[in-house]
Structure formats: structure tokens, C-alpha cells
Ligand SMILES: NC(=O)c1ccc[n+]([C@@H]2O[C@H](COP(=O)([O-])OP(=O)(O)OC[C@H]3O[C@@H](n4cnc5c(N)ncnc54)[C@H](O)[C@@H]3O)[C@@H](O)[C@H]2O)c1
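Shown here is one chain on its own, the form predicted on its own, set out as C-alpha cells.
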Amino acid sequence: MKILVTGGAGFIGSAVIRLAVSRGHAVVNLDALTYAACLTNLTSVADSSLYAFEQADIRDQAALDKVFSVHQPDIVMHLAAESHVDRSIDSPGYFIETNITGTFNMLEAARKYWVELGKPENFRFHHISTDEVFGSLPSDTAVLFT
């Protein structure tokens, strides 16, 4: 089984990759290496035959199509995104381009690849997001458990 992880040089993505490789899974890390990336988090797996790195941006449809074609993943774990809510207030355009258009590009690349494979039932696309999409917690957390 081969897993394509977007945002794999990020904090959570790198942890996912290290765990997957330690469990014997082949992993392709697709990351644009922006402000949140830290390849040193992947030093322990960088030389593994189970690990591959592709520097690409999820806003680049042609690059995504090439990664799918070359690496032929069975599973996609899409974690790539602009992060930090305060940054979205200062530069909302980047968030729209990456988090919305980039995610759409990933879905389109995965759909196209899935169709080319003959629509296998075992292909999976997991979009991992943030708790921020739900907004702030109420000040009375007891409300959550009623």
C-alpha cells in the first residue's frame, strides 16, 4: 500500500509519515515547503526506501497529475493547507488559493487518477482539517456534553 501525504513536512504530516514508514508503508510526501515546513522532522525516514519526497504545490494541477501518475498511491491523506487563523486575516487570498482551490485541485487529481485506474473500491482520499472549522469552544464546556 502506498500513501500520498500532502503537507508532509508540516508538524502533523511529518508525524503521520514517520508512523506510516515505521509500520512498513510506502509514503510519498508532497509539500511546497512553505513557512510551516520542516524537513528535519523527517530525518529519521529520509533515507528509507519506503519514503519519497516531491516538492510541489497543491495549487499546481499539472504537478499533482504528475505525482499521481508517477507514484500511483492507494491512499491520499490531504493535510496541506495554509494554517494559523491570524495569518488568514492578514492574507486571506493565500488561504483561498491553497485551502480551497488547492483542495479542489487535489480532489480533481485524485478523481482523474481513480477513473484512470478503473474506479477501484479500495482507493481512499482522506481530507484532514483543523478544529478551527468548527469555531471557538463555548466558555461553558459542559454545553458540549449535554
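Being a predicted model, the structure only gives us computed values, none of them experimental. So that there is no doubt, residue numbering starts at 1 and follows the sequence shown.
The form predicted together with the ligand is left out here; the points below concern that form.
- Between the ligand and the residues 110, 50, 37, 63, the one pair within 4.5 Å by heavy atoms in the predicted complex involves 37.
- Of the heavy atoms in residue 33, some are within 4.5 Å of the ligand in the predicted complex.
- The ligand is not drawn, but in the predicted complex it has no heavy atom within 4.5 Å of residue 28.
- Shown alone here, residue 11 lies within 4.5 Å of the ligand in the predicted complex, counting heavy atoms only.
- Among heavy atoms of residue 19, none comes within 4.5 Å of the ligand in the predicted complex.
- Contact annotation for 57 to 76: residues with any non-hydrogen atom within 4.5 angstroms of the ligand in the predicted complex are 57, 58, 59, listed in sequence order.
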